[in-house]
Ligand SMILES: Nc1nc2c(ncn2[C@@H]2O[C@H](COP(=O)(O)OP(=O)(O)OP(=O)(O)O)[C@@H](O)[C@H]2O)c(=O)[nH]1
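Next up: a single chain in structure tokens, the form predicted alone.
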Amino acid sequence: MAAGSARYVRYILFAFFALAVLYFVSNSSPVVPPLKPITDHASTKGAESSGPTKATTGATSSNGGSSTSAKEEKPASKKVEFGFGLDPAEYPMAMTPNDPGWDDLSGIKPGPRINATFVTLARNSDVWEIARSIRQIEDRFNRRYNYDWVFLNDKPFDANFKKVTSSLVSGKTHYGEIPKEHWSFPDHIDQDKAKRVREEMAQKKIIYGDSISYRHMCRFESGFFFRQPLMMNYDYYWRVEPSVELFCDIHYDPFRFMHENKKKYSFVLSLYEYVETIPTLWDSTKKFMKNHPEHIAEGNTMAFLSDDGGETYNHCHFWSNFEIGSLNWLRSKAYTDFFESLDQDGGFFYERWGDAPVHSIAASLMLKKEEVHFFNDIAYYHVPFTHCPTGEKLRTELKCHCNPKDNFDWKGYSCTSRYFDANNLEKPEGWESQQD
């Protein structure tokens, strides 16, 4: 009996040991060394972090603070971050159907992540319009990459907005309230003069001509969104507006493409600005160029903006409701000096300067040609214009559902052809057939 009991005890011990080994193996993950996310320079506040720092998390404060969603604590293992010490060539970007991983459009994409975020300026009433945009971004791209999303509002976000948006975003969601000084008239603005301008524009039926909030928005997007506490934690941004559409699969990471190719600004649509909204913007720009020649880049894209070497402005600009860019460039002395100069001239309120021509002029003058990029393969719609990739073969490869007849790129009011000519770029196959 004693020998039999001892045998049973050994069986039990062996079984327990086997179960322990199975449990350990099934719950183990590949060992990945602790790596910093890629950053442009270590001096940027929060650049060492892939998400908001402790100082920017928690309950929304009454003085323009910020908050994060309950999804803040999702397992970090969903992202494989890399930086110095891990060769990104081990994780090739699938840019063509011949590249490894082109058809891998399900599950979480392995490999590198850039220190980047989506960013949206929205009101609580925009919740269902932005929900539509989020779904477009997630289905076509972010469900495989899980990048964060920052939402900004001049009022506190309500519980419904947070609940809806956080349920749709695969990354972390963060909510920031814009401080009053970034969404109000600066002290140097003559209120009576600004009011007269709005009344005159209303009589002329200029779009948003009489809107105060639209002017605050344009000034904020021109000079302040990239300096919000939540945004200081990132190096790259992708701006997303309510009610936009993406028509094609995105097979690679545009953030990583921007970083590895040293791009600092990108666009998909360009057009002429309403002349009535910016009558003196170029005069202010020329004054800035004269006062700050050190900020004007050699090999820039002045030819996109001007047909006579900078004497006059042809009113071309990149449509900024879609843009992917470097936050560190926007926070640079060159760009902030440009914004401060324009802000002192008062054109955001004495006229109706938009953030699109402001960003476009800055990028075209302060960046080298090769630092600005046109994403032909990202299909995009924002009322009333569509960018549908030029080239039937490309549209088929990307599984696009846009109508190529709706593509705005090569129409008469588009400036994309000017951009290609200014940079001596070869226009994509099939562009001739899409002209007016």
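In this text, all values refer to a predicted model and were calculated from it rather than measured experimentally. Start at 1 with the first residue shown and count on from there.
What comes next is about the form predicted in complex with the named molecule, which is not displayed.
Not one of P97, F375 and E397 comes within 4.5 Å of the named molecule in the predicted complex, counting any heavy atom. Remark: of stretches 272-280, 137-145, 343-351, 117-125, the one touching the named molecule in the predicted complex is 117-125 (heavy atom within 4.5 Å). For the residues S306, T301, S284, N153, the 4.5 Å heavy atom test against the named molecule in the predicted complex is passed only by N153. Residue-level contacts in the predicted complex: of E241, E200, D249, D104, one residue has a heavy atom within 4.5 Å of the named molecule, and it is E241. Heavy atoms of Y208 reach within 4.5 Å of the named molecule in the predicted complex, making it an interface residue. In the predicted complex, no heavy atom of Y237 sits within 4.5 Å of the named molecule. Taking non-hydrogen atoms only, K369 never approaches the named molecule to within 4.5 angstroms in the predicted complex.
The closest heavy atom approach of S213 to the named molecule in the predicted complex falls within 4.5 Å. Shown without its partner, the chain has H382, V383 in segment 374-389 as residues with a non-hydrogen atom within 4.5 angstroms of the named molecule in the predicted complex.
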